[in-house]
Every structure is written in structure tokens, then in C-alpha cells.
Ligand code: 9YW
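The chain that follows stands alone, in the form predicted alone, written as C-alpha cells.
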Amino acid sequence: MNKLDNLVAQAKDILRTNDLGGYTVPTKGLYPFQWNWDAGVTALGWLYVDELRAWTEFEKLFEGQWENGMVPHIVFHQESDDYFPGPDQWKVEGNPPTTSISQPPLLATMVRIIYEQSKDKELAQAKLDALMPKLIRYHEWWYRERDPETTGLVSSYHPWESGMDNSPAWDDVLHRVPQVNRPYQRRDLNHVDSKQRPLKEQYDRYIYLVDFFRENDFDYQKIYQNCPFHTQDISLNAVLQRGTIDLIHLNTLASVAADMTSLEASVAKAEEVFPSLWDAERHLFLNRDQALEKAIPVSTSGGFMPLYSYSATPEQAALMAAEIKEWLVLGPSGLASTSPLESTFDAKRYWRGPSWLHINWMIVDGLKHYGHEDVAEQLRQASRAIIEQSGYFEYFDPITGEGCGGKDFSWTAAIALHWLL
């Protein structure tokens, strides 16, 4: 078996190993449940193993959808003591139980890719028709409950909701969140070196927010008005924008079309607002601190995500492509999650520096859309090299290519199957 065949076989084995009967855990031990945006990415990988199983990943996730349309960031299909905070901490009533926050809504885009690339067209049509009402409710939830004033940008209330948990972009906002004063026991440090994970002072605030949501009865109006962590995350908004555009397209392919007028208006409104987050000196987009009503001056990979949503002007895209090329000089092993020039850059600590394959893939998709094939290929080759060097880790040191975080990671294997192998 040659190197390529071996990488493909390893990636498929990881998906099978992490399959717990219709849903895929990110990795055994560290993350023993089904995560929202992980599921979307992982479904792409299943397309190359078992087409029906790819659709099942979505179906299992939507078992946790709330009546208001939200798809939570974790669905607790079965019990496990390996993760904190578990369902006993979130206290969301449901079968299955879930968390009370969401994650970047990649699902519609992943459904579109799988639908278009599926071989069993009859199966794909049936699955699309069944998923469409659920996807529409999910996107309507984002605009209704996370942008109640129709600003064009949705809000997020927890660093975990961004998917970029301990990004330096959240430091100042998170510092305004009180530290929880009750004892608790983290489980992540039983599986991963503490130098690669968020700090205790950050976790204290993460858990305070979990309690805050529960104490406010998960009421979106109370949370919108009073949550001490309130951001408009450029990456999450870009994922939502791309997802809604893809959902509108999927509606034209569904057997029964729905009225998408409201979602079309939301896309148009977001397009008007995105330019306000552009930073002409940093050559990327910035997150917004909603409480202070100002941009957060930290350069992260999320700032390039409007490439993925096709929300940048050609001039902005060219500047971002050049900026990405400079980042790759400083960190050649994939795109750093935080600029290597930021004082807060930490090459191995979760979202404070490491490179993540699914982010690399999304940004390459955007670069190719804008015609920057050279930078796109450079980033693709860098991503392929770290897989060959280190295998399927959760994330990677962008300078050395060393694998970090969880091993045998599902979405890393999935993106490799879809994009690199």
C-alpha cells in the first residue's frame, strides 16, 4: 500500500472507529458526544465511505433540534463521564438532552455539497426533502432570535458558540464575564496536555455563562439584553451567510419549494453590513464587541472567512490573499488561527495559534472563488503536508506542523478525504 492509499485507509478507519451508531464523535474520550459543526464536516467524509451514512449524520443531529428551530452545539445521545459540562450542567429538558447554545451553521452548505456529489440521486432527493424544513427552521432561528433588531449581523453569547473557543479575539469581552464561584472538575485535561487547552480562568467564565443561560430560562430576549458575553462573530456570520445562500439554492431543488422571502432579505441585509467590519490596515475583517459597539482589534483566521461567504469585494479579496501569504511565511504548516504577529499568539494552544484543517479548506474555497489559485494551492499543499507529517490530529502547530489536541480526529480525517486525498 502506497502513502496515499495508507492515508485514505487511516482516514476511513477513524470515521468507522468514532461512529457510535449513526453519529460520529469527534474523537474517543475527549469529545464523547455529537457536535454540531463537527457533524456537518464529518458527513462530508462519510460520503467517501458510505453515502447513506453521510445523511444519517445530519438526521441524528436534528434529533436534538429545539422547538424554536435551534440546533444545539452538542447533542448528548448517551451518557459519558469523559466530558464536562455534561447534560446535568446544562439542564436542558429533551430527548436527547442538549446544550443551550449553537455553533457556526455549516449544515446547509454541507448538505448542498453532499447532494450535488451523491451517486444515489433518488436517495439524495428523499433526504434533501426531509431535511429542508429543519434547515429552514434553523436558519430562521438565527435571524429571529440572534438578530432581533434586524441589524444584519447575528449575535453569539458564548465563546464555544463561535467554534473558536479561546481565541484571543474574545479575551477582553470574556474578561467582563464573572468567574463562576462553584467547584467543578474539568475532564479535558485528562486527555490533552494543559498547554494545548484553555486556561482555568477562561473555563471559570465559560461555566458562568452555562449557568447564566439556565438561570435566565434560556429566554432569548433576556439573554440578548443581559448576557455579559455578547459579540458579533465575523466567522460565524460568514458561515451563516454562505449557509443561507446555499439553503436558498437547495430550495430550488426540493420537491416542494418553501417561501424563502425572509431568508433572502436576511442575506441582502448582511451584505450591506459586512463592509463595516473590514479593517483596511490589517487587511481582514474584525469581530465586533456588541457591548462597546466597536470592532475587536485582533487578527484571526476568522477575519478571512468572508472569502468563504463571497462577501468581500475583489479588492478586499486580493488584500486578504496577500495577507494569508504573509501568514504562511511565518507559519508554513497551515493557516494560523491567530496572526503570528499578535502578542497573544500561542502556536499549540487550541484557537490561539494552531492551524485547523476545516478552516483551511473553507478559506481555500473562498480564495479559489475570487481567482487566487496560487495562494489557494499553497494553503492546500501546506494542509496536505501536515497530514503526511503528523496524521489526523485535532489541530496543528502552524510553525512546526506538530499534531496537537485530540488524536484520530473525525473532521480532520473527513476534510482530508474530501479535499486532500
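A residue's number is simply how far along the shown sequence it sits, counting from 1. Given the structure is predicted, the values throughout are model-derived calculations rather than measurements.
From this point on, the text means the form predicted in complex with the ligand, which you will not see here.
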| item | value |
| --- | --- |
| Blocked or open, judged by overlaying the ligand from its pose in the predicted complex and testing 2.4 Å from backbone or C-beta atoms | open |
| 4.5 Å heavy atom contact, G163 to the ligand in the predicted complex | yes |
| In the predicted complex, H73 touching the ligand (heavy atom, 4.5 Å) | yes |
| Any non-hydrogen atom of W37 within 4.5 angstroms of the ligand in the predicted complex | yes |
| Proximity of F213 to the ligand in the predicted complex, heavy atoms at 4.5 Å | no |
| Heavy atom contact within 4.5 Å of the ligand in the predicted complex, the stretch among 262 to 270, 249 to 257, 174 to 182, 343 to 351 | 343 to 351 |
| Interface residue in the predicted complex among Q232, Q103, Q241, S339, criterion: non-hydrogen atom within 4.5 angstroms of the ligand | Q103 |
| Listed residue that, although the ligand is not shown, lies within 4.5 Å of it in the predicted complex (heavy atoms), from Y83, Y115, Y310, Y208 | Y83 |
| In the predicted complex, residues of 1 to 33 near the ligand [heavy atom within 4.5 Å] | P26, Y31 |
